[in-house]
Ligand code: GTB
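Read the single chain below, which is given as structure tokens and is the form predicted alone.
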């Protein structure tokens, strides 16, 4: 049965692949599973029908048969557990890959996402520079730890996994900033992931949806 995911009708990132449905698209492309996309306006996201799938009125959601899921990390984990290609077969390696999934979403993403929000919403606040500097310091420390772990390896723990997929979607929010570019190891890591055919297909699909909805 073909899964259906939800995405922004007009993504705030204007097709840059930063919206969280990108993670789900990429995961489905990596495991070779077809999917359909239901695009939602911001108003529709807050309606009871969508809130029945996503209590907080966000995207993405995932529906397949009588299963419905929300939260991009949980959806990617479900896909990875159900289809070969995103989690190792060895039990210990599998557990480590899942640890990296959690690290991406709970250790790296919060300050990176908050930095984005501060830069967009709080530029006129008197404490803007101080808050941005504090966030940058936190992010730099975590990126240094991540780069130290990665070293000369291609991926976080052996073969490419769902841990890498989520980590790269988080790091991409820093592209164009000194925070990522001053760490060539991590910039190359992101570039390697973006070169994967599955990533390119997912990015192209998300961009096509944004372009079509904007033209309409």
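If you're wondering where the values come from, they're calculated on a predicted model, not measured in any experiment. Positions refer to the first chain, counted from 1.
What follows is about the form predicted together with the ligand, which we do not show.
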Heavy atom within 4.5 Å of the ligand in the predicted bound form - residue from 45, 53, 37, 190: 45
Exactly one listed stretch (138 to 146, 123 to 131, 89 to 97, 67 to 75) reaches within 4.5 angstroms of the ligand in the predicted bound form by non-hydrogen atoms, and it is 67 to 75
Can you tell me if residue 168 lies within 4.5 angstroms of the ligand in the predicted bound form, counting non-hydrogen atoms only? no
State yes or no: in the predicted bound form, is some non-hydrogen atom of residue 197 no more than 4.5 angstroms from a non-hydrogen atom of the ligand? no
Answer with yes or no whether residue 58 is in contact with the ligand in the predicted bound form, where contact means some heavy atom within 4.5 Å. yes
Answer with yes or no whether residue 8 is in contact with the ligand in the predicted bound form, where contact means some heavy atom within 4.5 Å. yes
Residues in 105 to 124 with any heavy atom within 4.5 Å of the ligand in the predicted bound form: 113
